[in-house]
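In the form predicted on its own, a lone chain appears below as structure tokens.
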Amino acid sequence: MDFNGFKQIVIEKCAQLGIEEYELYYQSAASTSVSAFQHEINQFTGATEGGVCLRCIVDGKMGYASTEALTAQQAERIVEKAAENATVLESEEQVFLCEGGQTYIPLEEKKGAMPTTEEMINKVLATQEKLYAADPAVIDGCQTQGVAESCEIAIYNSKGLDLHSKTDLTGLVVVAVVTDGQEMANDYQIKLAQFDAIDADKLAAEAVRSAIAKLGGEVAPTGQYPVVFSPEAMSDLLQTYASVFSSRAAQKGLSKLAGKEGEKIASDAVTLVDDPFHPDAPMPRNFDAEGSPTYKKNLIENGVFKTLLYNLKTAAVDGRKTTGNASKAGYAGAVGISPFTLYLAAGELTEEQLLQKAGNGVYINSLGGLHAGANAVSGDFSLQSAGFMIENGRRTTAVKSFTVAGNFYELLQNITAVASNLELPGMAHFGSPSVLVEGLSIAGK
């Protein structure tokens, strides 16, 4: 049975039980992954998963039930189970369903068919060989992975909402392993794009170059320095502290941004954007997990804090409108809050000009221990790092095995310049250009 047939039975069952307010959330994802190790395919996986979640309001309380099986029997059972679950809830919180009839920004259609399994295997093997051919320093251990995923979401509710979205994602991941005869190093690169349009030569060369740059190096000297974070490193920091922009976290006392709208919380150089329609977004959406319209918004604008991220429930608590940032971790997940594509807006300087502005300091392109060494509530962090020394405005000696320490809220205030090289690295929903931060503590030798 398809979703539309399942939906019709649910509608009839809700009417039979006198349930007037309800929502069906459907999600289906089909994914393929092909991996190569050394010179051959070593892993192939294909999966299709998904299901339906029903939320219904009974006597002012929201009941949930979900199923993977789209059958007539399960359509009736899911209504009975959700209604039953609502009756046993003790929570007195307000509950909401999205109103229909709203305006949604059209999504730009991405042209191009999903790759076949044969096309993926051929591209992965060819890219793997390009890794080995890129430099004599490359050794066994290199890996290449091709990924393709198609995700379909539909939301229907009793308030006139009837939405559907289908998005595709394809990409290549390459891991280069190199040696200088004394030590080994590795690095990876990820490119999300139409599969046949990915420049495998460029991707392999970038991974090998970045891995070779890690060879050698010393422990950075202890001190307080201007620090330039690479796009990858700053994106990792944004991802680690993204929860501080959640209205739910603020309402629970887990973010220092509660009640700060309109206040200056960062330097003039900082504009932080959440954009569901960024051209490099892994999976753009024009509606959130509740069906509210999504839109591009500045969380911070020239250093001034503009808004937290809201869903319907948290917006009602603060007397605000939802920002269209409701999220679900799968079809059966509870409604939460998350950004779509969160990034620091690009500045006007090149990275070279940013290094010149730094003068003498440290360039960080790798951060480790982000889960253990960063506290999202206080903002404090102490993270294992690697990168390069900056001397007379240029990257010089590779450095590693040092710790950078600071506070995320203070870091936002101490960003003195932002480069123009905005990137959305990896498959995450976070991006940044290179940024220059004054006065961070480095603990090394």
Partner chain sequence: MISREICKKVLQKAVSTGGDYAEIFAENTTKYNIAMIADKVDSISDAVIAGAAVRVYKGMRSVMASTVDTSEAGLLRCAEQAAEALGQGSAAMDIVLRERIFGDIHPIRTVPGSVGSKEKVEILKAGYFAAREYSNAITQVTGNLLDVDHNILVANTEELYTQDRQIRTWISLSAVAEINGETQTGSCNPGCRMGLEMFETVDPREVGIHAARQAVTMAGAGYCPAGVMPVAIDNGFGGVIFHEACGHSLEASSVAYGRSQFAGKLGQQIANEKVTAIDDGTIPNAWGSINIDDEGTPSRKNVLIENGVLKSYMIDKFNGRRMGMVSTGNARRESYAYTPTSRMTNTYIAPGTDRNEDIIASIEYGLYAKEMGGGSVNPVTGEFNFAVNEGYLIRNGKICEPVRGASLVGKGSEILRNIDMVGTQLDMGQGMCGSSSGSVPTNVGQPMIRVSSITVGGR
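Definition used throughout: the rigid core is the maximal C-alpha set that superposes within 1.5 Å between two forms. Note that this is a predicted model, so its numbers are computed, not measured. Residue numbers count along the first chain shown, from 1.
Beyond the structure shown, there is the form predicted together with its partner chain, which is absent from this document and is the topic of what follows.
Listed stretches are 199 to 207, 252 to 260, 290 to 298, 153 to 161; the contact stretch with its partner chain in the predicted complex is 252 to 260, by a heavy atom cutoff of 4.5 Å.
Proximity to its partner chain in the predicted complex holds for none of Gln94, Glu119 and Thr416, with the criterion being a heavy atom within 4.5 Å.
A residue is said to contact a partner when one of its heavy atoms sits within 4.5 Å of a partner heavy atom; Asp380 meets this definition for its partner chain in the predicted complex.
Its partner chain in the predicted complex is approached by His371, whose closest heavy atom lies within 4.5 angstroms of it.
Taking the partner from the other structure, its partner chain in the predicted complex has a heavy atom within 4.5 Å of a heavy atom of Gln384. Its partner chain in the predicted complex is not approached by Ala113, whose heavy atoms all lie more than 4.5 angstroms from it.
Out of the listed residues Leu238, Ala281, Ala185, Ala75, Ala185 is the one that sits within 4.5 Å of its partner chain in the predicted complex by at least one heavy atom. Along 398 to 422, residues Lys400, Ser401, Phe402, Thr403, Ala405, Gly406, Asn407, Glu410 each place a heavy atom within 4.5 Å of its partner chain in the predicted complex. Relative to the superposed core, Phe340 undergoes a C-alpha shift smaller than 2 Å between this form and the one not shown. Once the rigid core is overlaid between this form and the one not shown, Val52 counts among the residues whose Cα shifts by 2 Å or more.
With the core superposed, Leu70 shows a C-alpha displacement of at least 2 Å between this form and the one not shown.
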